[in-house]
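Consider the single chain below, provided in structure tokens and representing the form predicted alone.
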């Protein structure tokens, strides 16, 4: 399994979120508290949008562990972004290679995932045949996570992200059940178009991996008026994470089981998630 975070809000240096918190994602790569694996060293990736460009996110991925990568440390200290993804990987069986590292990108869209498709090797051909043939040409890796992304794109991600993810989940579950797999899908995932951010938590068994979102900044300022960081970011700033970045009281809230949230200009939303027929 893996650990990931998604940030949106006031432009900040990537290192502010990736390295500085008490239990940062880099710390989690060695000492995850809530993941299936304590160590997540099978590659990493970061993807970000420039302050004035949501059309073409940059993505940097590598197969080594995040904790010792000098290039990641260099990038994080110089890149400032209002929206970025970061992911550390613990392979569930597919190859450790750059094309299997998250986040995945298609046009303006980015996607990253923690979890897995049970017995993916048995279902892979059936799922691949459901991907739009033109989109299939853009697939580079061999992971279930990338397959899920391209299924969602096939099912209308660019027009209706929640509906497309629900149809993708429905397709995976229907295919898995045809193979006699009781609980085909386990996922927490993030997807963005550079303007809005969606986070999903779902599993066929109803025992999904951990996922948290940060409390509203204005509320945190009242709880912790001495924190300088909170004075420098807008009320729209929000984080979605696999596990909390620290133990600050009141800062983190668990995403409910079988739910998804959307972070967007104005009011954010938290809604129930149910797979649908593709």
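Source: prediction; values computed, not measured. Numbering follows the first chain given and starts at 1.
In what follows, reference is made to the form predicted together with a further copy of the same chain, a form of this protein that is not presented.
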For the three residues 41, 121 and 129, which mark the spot I'm curious about, does each lie within 4.5 Å of a further copy of the same chain in the predicted complex through at least one heavy atom? yes
By the heavy atom within 4.5 Å rule, which residue out of 248, 58, 217, 34 makes contact with a further copy of the same chain in the predicted complex? 58
Any chance residue 140 has a heavy atom within 4.5 Å of a further copy of the same chain in the predicted complex? yes
My question is simply whether residue 243 lines the interface with a further copy of the same chain in the predicted complex - judged by any non-hydrogen atom within 4.5 Å. no
Even though the partner isn't displayed, in the predicted complex is residue 233 close enough to a further copy of the same chain, meaning a heavy atom within 4.5 Å? no
I'd like to know whether residue 180 contacts a further copy of the same chain in the predicted complex, with contact meaning heavy atoms within 4.5 angstroms. no
Counting only heavy atoms and a 4.5 Å cutoff, which of 180-188, 156-164, 201-209, 73-81 contacts a further copy of the same chain in the predicted complex? 73-81
